[in-house]
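Next up is one chain by itself, shown in structure tokens, the form predicted on its own.
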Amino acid sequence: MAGNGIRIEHLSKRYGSGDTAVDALKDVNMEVAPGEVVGLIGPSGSGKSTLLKCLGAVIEPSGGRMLLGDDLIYDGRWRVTDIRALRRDRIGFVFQAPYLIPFLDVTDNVALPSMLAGTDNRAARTRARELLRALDVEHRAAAMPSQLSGGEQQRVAIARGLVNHPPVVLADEPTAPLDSRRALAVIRILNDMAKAFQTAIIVVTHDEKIIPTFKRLYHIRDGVTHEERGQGLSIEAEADAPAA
């Protein structure tokens, strides 16, 4: 998708008021370009979860600005009229657990967000199959989630996060339960998908296996972000073996 990916400026979030107020986010600045994957790291209690909820329009910030693509979506208040539609149509989510719907096959699991957005069922399933093909799991298109391996389930979850062509995807600890080879395979997939679909992807992680692969990192401490240059180590060699 053309545009500026995602940009946030001086974002803040305060819980409570008066003497009991807690500033979970104080001055957060972040910019992720289309086609780029960046890491978001920080200790427990640093504000990562709050930031992710703000980026995902799950909670409302207290101040600052957020731009999604070329559109200003928050500037002291929400600038969109339908927050649920914003989350559904323009923000993709990939979680630590795949959260696939057990009674839907793989194709319908991926197509569902597009159907909910009003896309014709046939077109939604066609888009789902294209993504499954890109992620090398098209041969599992008719399978039920219980028939998939853990690695296959995560690929299906990534396809679902991309199905509505979102300008941004938020991946919350997507490699936490995986061994090194499978974790690196997931990161390679996210990088490939970011480039293929010009999606800005933010990966929240504690996983030391993947942190060296990022070219850019945002480290959040006490509610403030600090941009760091990552090592950008190649993920090709160790991730080449097929993931289960």
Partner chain sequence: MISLAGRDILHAWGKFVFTGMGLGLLIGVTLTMAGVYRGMVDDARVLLDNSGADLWVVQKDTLGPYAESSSIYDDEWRGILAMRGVARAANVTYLTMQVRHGARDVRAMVTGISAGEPALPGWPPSLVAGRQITRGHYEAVADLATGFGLGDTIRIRRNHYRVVGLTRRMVSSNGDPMVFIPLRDAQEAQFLKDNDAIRQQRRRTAANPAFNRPGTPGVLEAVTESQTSNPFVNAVLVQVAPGHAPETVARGIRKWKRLTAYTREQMEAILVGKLIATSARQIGMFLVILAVVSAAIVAFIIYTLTLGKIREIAVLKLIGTRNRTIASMIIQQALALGFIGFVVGKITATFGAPYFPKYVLLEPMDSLRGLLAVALICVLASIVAIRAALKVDPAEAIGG
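The structure presented is a predicted model; accordingly, all values stated were derived computationally and were not measured. Residue numbers count along the first chain shown, from 1.
What follows is about the form predicted in complex with the partner chain, which we do not show.
Although the partner is absent here, residue 73 sits far enough away that none of its heavy atoms falls within 4.5 Å of the partner chain in the model of the complex. Shown alone here, residue 113 lies within 4.5 Å of the partner chain in the model of the complex, counting heavy atoms only. In the model of the complex, the partner chain lies within 4.5 Å of some heavy atom of residue 93. When contacts are judged by a 4.5 Å heavy atom cut-off, residue 160 counts as touching the partner chain in the model of the complex. Between the partner chain and the residues 216, 188, 53, 65, the one pair within 4.5 Å by heavy atoms in the model of the complex involves 53. When you look in the model of the complex, the only residue of 127, 88, 79, 165 with a non-hydrogen atom within 4.5 Å of the partner chain is 88.
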